[in-house]
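One chain comes next, on its own, written as structure tokens: the form predicted on its own.
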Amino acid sequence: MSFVVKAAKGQSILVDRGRVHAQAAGLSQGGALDEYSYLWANRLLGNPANAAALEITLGPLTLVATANTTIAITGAHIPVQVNQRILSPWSSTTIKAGDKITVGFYQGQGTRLYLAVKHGFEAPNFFQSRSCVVREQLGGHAQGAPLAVGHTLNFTASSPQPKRTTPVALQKLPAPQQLLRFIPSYQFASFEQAERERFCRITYQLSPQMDRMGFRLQGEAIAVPATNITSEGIALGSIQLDAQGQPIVLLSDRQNIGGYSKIGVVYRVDLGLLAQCAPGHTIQFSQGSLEEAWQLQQQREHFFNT
């Protein structure tokens, strides 16, 4: 039982919550860039929180089902049709053998659509994850390859499930000017106080130089401290300042170690909103605390695991 890929452009890959314990082995974490939308897609189907789902960036994509199942779509408001019937965003729907699922193209409201299937997609479990990391050519359904015409995505057939929809108030996409909270950490104390304060006043724009490894921002330059930094582990959401004083937020497919100055780490609960932004989107940073970031993440874990 599978979906057969009939058309594929952009980048569509299998993701879960990533290889969270594999960085010591030199592997990228990988996993869904917008964790919140990914988790909701599985929740709508009653799947385990770590079930493999599709992350579809910008679209388009066409799949044909060979068996009955139920799917859910969340994240970007990219049009999705089943046999020319338009699906509601952030909801589930039943699929019959022979049905054609057509994912359209980016419409300006989010860049990443998540498509989950009942019981999750089947793929080799490599270092406790099914996530595809294209840069490292590992994981996913075809050893690190994104979906291409002729590929198959296997799943276990299931009987129809009741239609479910995420409450509108809980459907999250970026604000026109998205605020990102961060934990002051790494070399934060090495930056001059005036530069730390100015960092939180600058309105940045998202650069076209962006991928699953990191998003580069453009704005007024920050004076970077002239210190020699031994290469160190890079946390998810680290805010690295390049030699020109421009920030790069490092994401799921980031490198494991690095030696650039880092002013802090974006709250994990805010990273999905950044992941849904397109080039030109405006971003501002706000200094928060480790305690708040931890509490918010624990609330998310409790919600999606109960």
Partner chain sequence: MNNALVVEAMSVEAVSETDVLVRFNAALSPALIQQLRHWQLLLQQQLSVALIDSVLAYRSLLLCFSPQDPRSPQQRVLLVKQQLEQLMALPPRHQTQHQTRILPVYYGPEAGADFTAVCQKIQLSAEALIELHSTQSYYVYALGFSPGFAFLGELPEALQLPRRKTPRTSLPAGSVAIAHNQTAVYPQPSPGGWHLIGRCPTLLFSADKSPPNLLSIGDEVKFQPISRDEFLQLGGEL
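Everything numeric in this text was worked out from a predicted model, so none of it was measured. Numbering follows the first chain given and starts at 1.
FYI, the form predicted in complex with its partner chain isn't displayed, but the following is about it.
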Any non-hydrogen atom of F215 within 4.5 angstroms of its partner chain in the predicted bound form: no
Partner proximity in the predicted bound form: Y106 to its partner chain, non-hydrogen atom cutoff 4.5 Å: no
Partner proximity in the predicted bound form: T66 to its partner chain, non-hydrogen atom cutoff 4.5 Å: no
Proximity of I257 to its partner chain in the predicted bound form, heavy atoms at 4.5 Å: yes
Heavy atom contact within 4.5 Å of its partner chain in the predicted bound form, the stretch among 40 to 48, 241 to 249, 257 to 265, 66 to 74: 257 to 265
Residue among A145, V224, A235, V82 with a heavy atom within 4.5 Å of its partner chain in the predicted bound form: A235
The single option of Q287, Q297, Q11, T282 touching its partner chain in the predicted bound form, heavy atom within 4.5 Å: Q297
Within 173 to 205, the residues that have a heavy atom no more than 4.5 Å from its partner chain in the predicted bound form: I183, S185, Y186, Q187
